[in-house]
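Okay, so here's just one chain, in structure tokens, the form predicted alone.
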Amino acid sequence: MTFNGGYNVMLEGAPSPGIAPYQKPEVLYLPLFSESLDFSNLQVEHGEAVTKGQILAKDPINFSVPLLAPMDGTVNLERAERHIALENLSSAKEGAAMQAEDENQRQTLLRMGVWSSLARVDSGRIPDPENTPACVVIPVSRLEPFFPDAQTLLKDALEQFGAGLDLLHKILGDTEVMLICAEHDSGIKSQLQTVTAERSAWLKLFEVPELYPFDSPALAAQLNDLNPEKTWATDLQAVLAVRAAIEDNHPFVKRIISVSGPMVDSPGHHQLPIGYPLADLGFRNGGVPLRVVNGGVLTGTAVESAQLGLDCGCRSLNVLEEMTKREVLAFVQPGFTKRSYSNTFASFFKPLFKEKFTTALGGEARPCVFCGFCESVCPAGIIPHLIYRYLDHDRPEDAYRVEFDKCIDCGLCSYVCVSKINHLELFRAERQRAIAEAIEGE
């Protein structure tokens, strides 16, 4: 199998292994939104006492996906705009409401907050619980910097992971499952081989080079000739949550997230309830302007200043210095501390090193110079600068004619661009436009 493009993105601030403890907060701030969800249908009232796992709100557009209470507490709808605040927190009993007699296991996953961790590869949208995929793809090795470490997630949980895979396979209609693992990730690969050997009839281990973004489910679908409309993706924690929801009746209300990046004193993993106050994580201090990115540093989105707590879709938070001033005489610096895909810096003569990542452009934005870097690095084999030009001139039909639909949303074209063009922003805008148009036509 041929892999094209890709890049070894090496940045400072990776999370340390293991899970760091956290202090119980005084209040939880549950956002009524995430990147893909809008919990506009409230199910509780101000001052109501709720228990762990109780439904607080639903997203009426996305199959009534629920927002669950992560702990026992009292609802405050007036404390923060677009949030449900939970006060008077107390230790919650494990488990949730018993399964209704007519509830199938897909409905259980929906009610327990697990279903929202599934996504269609073609659109990134939460799939219809009434549909069945041809394949589910699960990245194990995460090659974009700062995502939670697989060894940490699976520590002492390999048996539970296998049980979760069995349930997922059965619940989704005996569908095939594909695990993505980097070829040189020997520690986790040996564990996965044990899991796949017992389930070889329907579980496949797809080994990829250790370059970003070869862990992409969308790319795996392309390389394995899978129909992206019938291919779904999820992650390790969701698989573990499937087992916990079905076998132990536990709602998915806690996440192991990585809090990483060059502006975090001790980058690491934390198991936190949904709504955990961002201010209590300590990365907003120090007087230096920061940008907090929800998700990967290449593909994540900036956290709004109005967001007070962890949203239900958060897997990682990456903290970068927000550059508000120009570097003094940057144009005469040889670049020993900076890496470049073009190898024009003096760092070319140094061994590979991890670069401090900031929000700085590192130069001036300018028109495309047709250098071809975006094309050479693109793992999908498309021509990003040509697609960008078509979309920028409001010619989406021409963009799709040159295979824009193959874009896997990895952001590498923006990362290597010498003209500082934000291809990813425009590509995502077009994709959202197309999705909205398709929804209107349904």
Partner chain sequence: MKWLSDLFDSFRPQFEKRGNLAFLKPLYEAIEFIFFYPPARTATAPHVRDPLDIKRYMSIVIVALLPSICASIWFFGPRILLMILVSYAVGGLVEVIFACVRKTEIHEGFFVTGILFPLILPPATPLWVVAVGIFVGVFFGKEVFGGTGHNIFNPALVGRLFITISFPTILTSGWTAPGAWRGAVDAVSSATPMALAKTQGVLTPATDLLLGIPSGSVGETFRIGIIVGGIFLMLTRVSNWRVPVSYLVSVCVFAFVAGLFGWAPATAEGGASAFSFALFNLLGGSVLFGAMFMACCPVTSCYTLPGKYIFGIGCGVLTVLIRVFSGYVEGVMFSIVIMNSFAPLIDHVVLQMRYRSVETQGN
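Positions refer to the first chain, counted from 1. Please read all numbers here as calculations on a predicted model, not as lab measurements.
What follows is about the form predicted in complex with its partner chain, which we do not show.
*Asks:* With the partner left out of view, is Glu48 within 4.5 angstroms of its partner chain in the predicted complex by any non-hydrogen atom?
*Replies:* Glu48: no, not in contact with its partner chain in the predicted complex.
*Asks:* Quick one: does Arg326 come within 4.5 Å of its partner chain in the predicted complex, counting heavy atoms only?
*Replies:* Arg326: yes, in contact with its partner chain in the predicted complex.
*Asks:* Find out whether any non-hydrogen atom of Thr358 is located within 4.5 angstroms of its partner chain in the predicted complex, and reply yes or no.
*Replies:* Yes, contact at 4.5 Å.
*Asks:* State yes or no: in the predicted complex, is some non-hydrogen atom of Val418 no more than 4.5 angstroms from a non-hydrogen atom of its partner chain?
*Replies:* Output for Val418 is yes: heavy atoms within 4.5 Å of its partner chain.
*Asks:* So its partner chain isn't shown here. In the predicted complex, which residue out of Val140, Ile257, Ile126, Val297 has a non-hydrogen atom within 4.5 Å of it?
*Replies:* Flagged contact: Val297.
*Asks:* By the heavy atom within 4.5 Å rule, which residue out of Gly268, Pro277, Pro228, Gly362 makes contact with its partner chain in the predicted complex?
*Replies:* Checked against the cut-off, the match is Gly362.
*Asks:* Check, residue by residue, if Ala302, Asn343 and Leu386 all come within 4.5 Å of its partner chain in the predicted complex, counting heavy atoms only.
*Replies:* Answer is yes for this spot.
*Asks:* Choose from 178-186, 366-374, 106-114, 155-163 the stretch whose residues reach within 4.5 Å of its partner chain in the predicted complex, heavy atoms counted.
*Replies:* Only one stretch qualifies here: 366-374.
*Asks:* Mind listing which residues of 70-91 have a heavy atom within 4.5 Å of its partner chain in the predicted complex?
*Replies:* Stretch hits: zero.
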